[in-house]
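Here we start with a single chain on its own, the form predicted on its own, put down as structure tokens.
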């Protein structure tokens, strides 16, 4: 039986004192359960402070991105080796925003290429994370234009196979994939529950083809994209949706607690 997982992606929000207060607040109220893993993914600069707050608690620490080299002349990058030093358990890779695809574009279009991550760079990051025992949370998802053109499955399969190229299937036990339709991120729109389940099942089947069905059944698949307390329970009750990657709602302690309870 797969353990549910609820991960909060704070994105570029909260300074370390605010983040520490947020986590400290819901730690006092969160129910410790063996069947639900809770992860918070703060900005890099807050990781040391949040690590101290969640130490010896039920909450695990995640990062929002990583570089694929251990060290070197890569200004502004953070390696898996450095994340490992601070006891990071999970790391988001391939988020649509780092791919340069935004649900709501809040930067000039001319700056979008700055975020242009590729399936190749995501693959390199996953390999390095696995080397250090950090669980990747691989994000996949289609834009509104791709969905309207009927390319959802094609896009997601390409993203999955590109991200997992050269990785032995045996390394995918406990792996995490998050289905995040780009058009639902930060827009208030949420994918229809039946369709979210269908896509998550497709992801599991694709992993089963890449590795084997037994590995695929062990992989946790999350849904992300405008998850709120009022829709989380229905989404998480689907057989192939094992929790959520939560954006804005994870910045509110009460909302995050309600979403965790839904899992």
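Everything numeric here is computed off the predicted structure, so don't read it as measured data. Numbering follows the first chain given and starts at 1.
Not pictured, yet referred to below: the form predicted in complex with 1,3-dihydroxyacetonephosphate.
Asks: With the partner left out here, check for me: in the model of the complex, does some heavy atom of residue 142 sit within 4.5 Å of 1,3-dihydroxyacetonephosphate?
Replies: Result no; residue 142 lies far from 1,3-dihydroxyacetonephosphate in the model of the complex.
Asks: Does 1,3-dihydroxyacetonephosphate come within 4.5 Å of any heavy atom of residue 184 in the model of the complex?
Replies: Output for residue 184 is yes: heavy atoms within 4.5 Å of 1,3-dihydroxyacetonephosphate.
Asks: Check whether residue 46 has any heavy atom within 4.5 Å of a heavy atom of 1,3-dihydroxyacetonephosphate in the model of the complex, and answer yes or no.
Replies: Residue 46 lies outside the contact set for 1,3-dihydroxyacetonephosphate.
Asks: Give a yes or no for residue 231: in the model of the complex, does one of its heavy atoms lie within 4.5 Å of a heavy atom belonging to 1,3-dihydroxyacetonephosphate?
Replies: So residue 231 does not count as contacting 1,3-dihydroxyacetonephosphate.
Asks: Between the options 38, 196, 207, 227, which residue brings a heavy atom to within 4.5 Å of 1,3-dihydroxyacetonephosphate in the model of the complex?
Replies: When 1,3-dihydroxyacetonephosphate is considered in the model of the complex, the option within 4.5 Å is 227.
Asks: At 4.5 Å by heavy atoms, is each residue in 62, 135 and 220 next to 1,3-dihydroxyacetonephosphate in the model of the complex?
Replies: No, the candidate spot makes no contact with 1,3-dihydroxyacetonephosphate.
Asks: Just give me the residues of 228 to 248, first to last, that have a heavy atom within 4.5 Å of 1,3-dihydroxyacetonephosphate in the model of the complex.
Replies: In sequence order, 245, 246, 247, 248 come within 4.5 Å of the partner.
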